[in-house]
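Quick setup: one chain, the form predicted alone, written in structure tokens, and binding and motion questions come after.
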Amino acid sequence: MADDFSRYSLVIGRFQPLHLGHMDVIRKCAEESDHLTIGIGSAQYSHTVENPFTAGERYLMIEETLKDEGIKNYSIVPVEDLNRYSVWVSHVVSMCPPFNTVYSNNPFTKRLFTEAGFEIKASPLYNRSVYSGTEVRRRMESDGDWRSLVPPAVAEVIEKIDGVGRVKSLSGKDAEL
């Protein structure tokens, strides 16, 4: 019997880096979906204060974490930004496996996908004052406890690529610069 893709879903985030709040969202979305596509948004950006990690590094963080979690019903797709909103949804659709449902809390994303006929579901929000990429990067800059905010596999990737050194360098907090 052919699959109608009715329980195929999409969630998009920058994952700069993937943190425990993201994982709660991904876990819930994967449970509700036959197949979850995880879109790595702003994939073309890296080595900036807001986007220090490459799409490949973010892919690895996600993949290693999902492997540890035992989640298997997913695809990971880097999605570059387009500054032409009238074609952004078709761009995302062209990059991803089929999906009918989009998980998002972003009003603009919700509007664009609604206008294109997709079902929208709100992403659960988990302690966003602590679980945010901004907070993880802030703690990296200040030698704070960032590891408690990310899955162990993410901490391993960040350590292997000297991600803390990169974040400090990009923010101007590196004493050697």
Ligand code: ATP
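If you're wondering where the values come from, they're calculated on a predicted model, not measured in any experiment. For every residue, the number given is its place in the sequence shown, counted from 1.
There is also a form predicted in complex with ligand ATP; it is not shown, and the following applies to it.
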In the model of the complex, which of 64-72, 130-138, 30-38, 148-156 comes within 4.5 Å of ligand ATP (heavy atoms)?
130-138
Even though ligand ATP is not shown here, does Gly13 get within 4.5 Å of it in the model of the complex, heavy atoms only?
yes
Can you tell me if Val25 lies within 4.5 angstroms of ligand ATP in the model of the complex, counting non-hydrogen atoms only?
yes
Report yes if any heavy atom of Pro124 sits within 4.5 Å of a heavy atom of ligand ATP in the model of the complex; otherwise report no.
yes
Heavy atoms within 4.5 Å of ligand ATP in the model of the complex: does Asn100 have any?
no
